[in-house]
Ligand code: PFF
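The form predicted on its own is given below as one chain in structure tokens.
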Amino acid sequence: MSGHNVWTHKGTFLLAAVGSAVGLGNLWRFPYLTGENGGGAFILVYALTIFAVGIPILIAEIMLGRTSRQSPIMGMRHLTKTHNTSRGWETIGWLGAASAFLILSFYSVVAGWSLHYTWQMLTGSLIGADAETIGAGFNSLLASPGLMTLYHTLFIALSALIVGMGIHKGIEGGLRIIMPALFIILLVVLGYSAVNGDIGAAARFLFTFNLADLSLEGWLQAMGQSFFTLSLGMGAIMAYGAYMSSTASLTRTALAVAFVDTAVALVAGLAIFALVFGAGLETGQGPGLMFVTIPLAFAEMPFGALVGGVFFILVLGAALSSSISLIEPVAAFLVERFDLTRPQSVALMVIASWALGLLTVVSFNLWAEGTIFHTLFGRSAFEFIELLTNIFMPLGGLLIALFAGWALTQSEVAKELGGHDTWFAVWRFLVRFIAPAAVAFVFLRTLPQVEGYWIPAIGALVIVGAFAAGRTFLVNNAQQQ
């Protein structure tokens, strides 16, 4: 695949992977989990699981992309043929593509809210507003399918425009503007928060080492966060890895991605919670923190309209860098498999995902209750689609770890990792045993949320995956002997 596109600069993959990893969850979920689960104690557990689970699978997923030089689906088809393994391993590519498609459908809706609040902030509409007014404004946004559809359409169209322009002019060019701007804005907001908020209270909330507050559930959340924060198992990293230079260091790049992703989350946490504590507000989890509490904090502070608008541009940029990565795995597959042009493949993927996103739009209003989804699954369409991704992603990550650990030959892994024997042995042990066990644990935690008749189907998928892993192991042993 020598003619395959490669990033113009070695550092672009780092920007792309960080852009994929840094999203809406970094700006509220990780800081909140840290503060609620023992601060520094949670960060320590998270760091350990990032090293033992996140980074090994991140390296594995990049490796599969760079080795195949194709989209996740076509790449896994190529790798199963060249490594004489079961075609069942192609499931990795399909799970990744399905996850990206499903996530984009609802992510675009939620990210679209940041367009609304950017405009509200910059026009000064929220200055001086009280909690009741801002809360009512958020509820009225959710109650308006027309307005939510407009923002959903604008956001997904902007994402499609960037990806449709191509690997170099579109994705690479876009990320080289978006990511540095995102980091600068984050530091500006942090400086503003330090002056106008309570940075000391935010630091105590995030960094006080309190092991007593770290429950078993907190440990499990740290494990889950270490997996989901790096965008593993949804095809984006594998798709971006296919464009990565063969001379770039996998290990150094993976470590840098994990470090920057975590640093952004912690800096964002300091900035956001300094504002929250400075205004004497509660640290609520979820969209309420981002779209009710934060606007309320800015409404009470000097220059709040301007800095609040800049903050929501940051939110928009983080969401945009992630949505770009969600389009690429499916778009690249359509180009390779059906010989479509890039604009055609992007349009096809985005229009389908946009249409599915309308289910999320109406889940907050017209279909808020009493639908077929509530009857069958006990949840809204949005919650059902989100649940599917929470199953597909860990399952995909589990299979990635097993395939990279057992199916790839020692020589090609050693070549990809740069021939460092000690690190090669550590990575191979982690990706073969520790990471799969941890991801399986996260995966099994999802099952109690699923209605009973789904469990046999998912169990069958796990059995198929285990069977394929065992078959690969036997084939490899036979070849080596």
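Basically, rigid core = biggest C-alpha set you can superpose within 1.5 Å across the two forms. Not measured: the values here are computed from a predicted model. All residue numbers are counted from 1 along the displayed sequence.
Not on display, but discussed next: the form predicted in complex with the ligand.
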Practice task
Considering the ligand in the predicted bound form, find the one stretch among 321 to 329, 362 to 370, 248 to 256, 84 to 92 with heavy atoms no farther than 4.5 Å from it.
Solution key: 321 to 329
Exercise for the section: Please pick, from Thr49, Asn37, Asn26, Ser68, the one residue with any non-hydrogen atom lying within 4.5 angstroms of the ligand in the predicted bound form. Expected result: Asn26
Problem - in the predicted bound form, the one of Phe382, Phe228, Phe277, Trp406 near the ligand [non-hydrogen atom within 4.5 angstroms] - result: Phe228
Problem - Close approach of Thr12 to the ligand in the predicted bound form, 4.5 Å, heavy atom - result: no
Practice task
Consider Ala239 of the chain shown here, and say whether it contacts the ligand in the predicted bound form, taking contact as heavy atoms within 4.5 Å.
Solution key: no
Exercise for the section: May I ask you to check whether Phe312 falls inside a 4.5 Å heavy atom distance of the ligand in the predicted bound form? Expected result: no
Exercise for the section: State yes or no: in the predicted bound form, is some non-hydrogen atom of Met234 no more than 4.5 angstroms from a non-hydrogen atom of the ligand? Expected result: yes
Handout entry: Core-superposed comparison between this form and the one not shown, Gly65 Cα displacement 2 Å or beyond
Key = no
Problem - Core-superposed comparison between this form and the one not shown, Arg29 Cα displacement 2 Å or beyond - result: yes
